[in-house]
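Before any questions on binding or motion, here is one chain by itself as structure tokens, the form predicted alone.
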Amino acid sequence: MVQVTKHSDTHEVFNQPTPLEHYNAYASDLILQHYVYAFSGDWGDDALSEYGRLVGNELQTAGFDANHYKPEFQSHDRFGHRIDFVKYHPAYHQLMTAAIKAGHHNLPWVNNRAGAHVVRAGIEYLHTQADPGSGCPLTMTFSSVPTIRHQENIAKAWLPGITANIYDPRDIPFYEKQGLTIGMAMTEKQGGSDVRSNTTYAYPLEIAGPGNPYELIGHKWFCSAPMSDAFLVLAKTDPGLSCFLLPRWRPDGSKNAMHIQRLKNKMGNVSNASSEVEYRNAFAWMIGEEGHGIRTILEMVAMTRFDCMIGSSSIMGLASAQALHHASGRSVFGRNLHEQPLMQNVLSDLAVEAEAALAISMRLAHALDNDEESEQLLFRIGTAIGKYWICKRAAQHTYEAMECIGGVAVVEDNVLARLYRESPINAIWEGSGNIQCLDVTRAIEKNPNVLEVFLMELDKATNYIERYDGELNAFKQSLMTKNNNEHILRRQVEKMALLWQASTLIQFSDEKIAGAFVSSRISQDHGYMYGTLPEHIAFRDIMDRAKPKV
């Protein structure tokens, strides 16, 4: 007789890496630390380390929960009163509370120390790895400050609450709260990025002009974070588009006539409640000069575009970290996965791409920390170039990291699935790729010094790598032709982005990283796919630099 032994388990689980969790997302990231230090942010090391601990632990869990349990829209209460309320999972509020306490929304506005924008960018970079969606209202609150400062009477009433390290999610009038958040609504159905085709109209309640009350009639196709305490919006007046601050509650204590039509059912950025809204005589104050609303609100948009760069850099950084961590703990075909030559090429290529994105993003944070005109001009053109290039690179980069991990990466309880859905968002929002390319041209045409400053930035990296010098000279020669053919504008902006990334890596990174970037990106023989670095690259050194130190 054959004896059968019963087992509760069918097999032993082995050759599966440990998850990247319960770690310090800042202390384990040598590359992020490097750029924080390189650009005068070392004084924020303790705060960044503490936030990194939160991101690698409880905020990581909160990020999964906030995306699993979507925001819910409640149009009316049980008695039939219109309330226009969005209910979030407690994890969303946990994320907002932690980020606002850390200064994600306010650090440079309340601390003028050198490197404040760099430290704040580091906080955003870390927070994005926990949850990009809650980063949207944080970014808008942060970015609203330069625009609201245009209107002294409104700034006096609102900025203390906007810059407070207090998160208050209660649905009550703004003057009863110590901490305030700000949203933005520009896009309408018929126009998209073409805001000049907006049809929302504003009527003065008494005297027309800056700082005075108006009522708005119209709609917005995208209004993110509709539970914010107020929204910067564009609406037409007789002289043209003007900028307004529209509170969720009117000054008399009644609910403002901003009616949510529905929440967008988005593939990514799920924790953020993007909505469609209508204004039915909604109360608002004019901000800045009448008829110059685009110019006024663009100060906010410039900051949100910069945050898109940081956010996409963060997505790529985490994708690389996840791939490197997984590959170092899994054996395939008889040896460790990260020892396989072809996988080393892919992992190194991903790491180089992620660092190049972070490098120019932190360079712009450094520019924001300086009042020199040249630094402000670099920020002007850099946000357009960087948002175009980094945000577009994120999607393919994140997919390639998923492929390094394999089938596990597409399972929803792996963060890579969320990162992949998130990766196209920043490229589309705040002006898509064509808008950014046109903005590069617009910046140069409006002020020729912009191009001069950009070329000076590229010149700082000459006389180190011959191939870079040659490509830079060729680019300068191409500028002499003054080819204004819009058909090739993307190619021109791509060249500018690659040269700028190379320049920044040569100046501030490890020579092996800079060399790998130049020999692969600043050439005509680099493949279209990741994993096509030349054979002489120091693969092990690059992987070791980027691998999380946990």
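From 1 onward, residues are counted along the sequence shown. Nothing here was measured: the structure is a model prediction, and the numbers come from that model.
A second form of this protein, the form predicted together with a small molecule, is not displayed here; the remarks below concern that form.
> Among 88, 429, 379, 174, which has any heavy atom within 4.5 Å of the small molecule in the model of the complex?
Residue within 4.5 Å of the partner: 429.
> Can you pick out, from 163, 151, 344, 224, the residue that has a heavy atom within 4.5 Å of the small molecule in the model of the complex?
When the small molecule is considered in the model of the complex, the option within 4.5 Å is 224.
> If you check in the model of the complex, is residue 82 within 4.5 Å of the small molecule, heavy atoms only?
Output for residue 82 is no: heavy atoms all beyond 4.5 Å of the small molecule.
> Does the 4.5 Å heavy atom contact test between residue 192 and the small molecule in the model of the complex come out positive?
Taking the distances in the model of the complex, the answer for residue 192 is yes, it comes within 4.5 Å of the small molecule.
> Hey, in the model of the complex, is residue 434 touching the small molecule, heavy atoms inside 4.5 Å?
Contact with the small molecule, yes.
> Answer with yes or no whether residue 200 is in contact with the small molecule in the model of the complex, where contact means some heavy atom within 4.5 Å.
No.
> 36, 116 and 370 - do all three of these have some heavy atom no more than 4.5 Å from the small molecule in the model of the complex?
Heavy-atom distance to the small molecule in the model of the complex: none of the three under 4.5 Å.
> Tell me which stretch of 434 to 442, 334 to 342, 207 to 215, 357 to 365 has a heavy atom within 4.5 angstroms of the small molecule in the model of the complex.
In the other structure, the partner sits against 434 to 442.
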